[in-house]
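Single chain ahead, written as structure tokens, the form predicted alone.
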Amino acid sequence: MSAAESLSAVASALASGAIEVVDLTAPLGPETPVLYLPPEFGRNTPAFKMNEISAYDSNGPWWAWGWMELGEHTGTHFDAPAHWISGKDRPDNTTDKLPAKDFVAPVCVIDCTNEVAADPDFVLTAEGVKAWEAEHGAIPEGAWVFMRSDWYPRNKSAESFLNGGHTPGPSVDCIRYLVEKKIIGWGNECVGTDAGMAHSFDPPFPAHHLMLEEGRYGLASLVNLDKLPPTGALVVAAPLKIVNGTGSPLRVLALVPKN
């Protein structure tokens, strides 16, 4: 089958419902949980705010529009290499310079829901990833790897979602193993890509430090991972083309074949 025929087949499957589009994005609004840093770090991301310009009124009789206040890393968002000190010197490391081909990739979903239900501080290790591969096959180069925890229903409450810093994520050896496999990036359902306790790891925050150091990416605050199969789905995750952007809120979509 030619490339044109393959694309035509995908379009037909979408039209017929044989391929379902699953939205992996949390709503973005004033109630979106935001991670606040300790006081010694000074400034923080503000809560999302939409400011009105006009609403079919004297400021604009035929149109409604507004302007937004938000951080680059608010809600469901993308981490570019420039976000972390380990990736700051990489070439083309900001959202406006990343190759568009990287925004469409297959995804492997590792289900950790039972472990997280028993322990919100659960950390996925390299051994856990290898056990998943023994059942589902090797993680391919260029794939996203998402950690499913069913944490996302908590995002209706900042207190429950942030959970006092007790949130699941990957271990250092997990991320090292995935970097060696040359994945495109790592995704988590929590406020950031790392576990809440990752400040105590060596290096701290490995999903940030090790992934972004290698020019890979992160996706945080994902939802609906329970609607994806372990393998076989395709993810579209395209950040806004912000000049010198270290990251971006975005709409993450998955193309999922129906059984």
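Throughout, rigid core stands for the largest set of C-alpha atoms superposing within 1.5 Å between the two forms. Note that the structure is predicted; figures quoted are calculated from it, not measured. One-based numbering along the sequence shown.
FYI, the form predicted in complex with oxo(2-sulfanylphenyl)acetic acid (23J) isn't displayed, but the following is about it.
This chain is displayed without oxo(2-sulfanylphenyl)acetic acid (23J), yet in the predicted bound form the stretch 71 to 79 from 71 to 79, 121 to 129, 96 to 104, 141 to 149 comes within 4.5 Å of it by heavy atoms. Remark: F205 counts among the residues lining oxo(2-sulfanylphenyl)acetic acid (23J) in the predicted bound form, judged by a heavy atom distance of 4.5 Å or less.
Although the partner is absent here, L37 lies within 4.5 Å of oxo(2-sulfanylphenyl)acetic acid (23J) in the predicted bound form, judged by heavy atoms. Mapping the unseen interface onto this chain, F161 falls outside it, with no heavy atom inside 4.5 Å of oxo(2-sulfanylphenyl)acetic acid (23J) in the predicted bound form.
Proximity of G192 to oxo(2-sulfanylphenyl)acetic acid (23J) in the predicted bound form falls within the 4.5 Å heavy atom cutoff. Taking a 4.5 Å heavy atom cutoff to oxo(2-sulfanylphenyl)acetic acid (23J) in the predicted bound form, none of the residues in 95 to 110 make contact.
Relative to the superposed core, G42 undergoes a Cα shift of 2 Å or more between the shown form and the other one.
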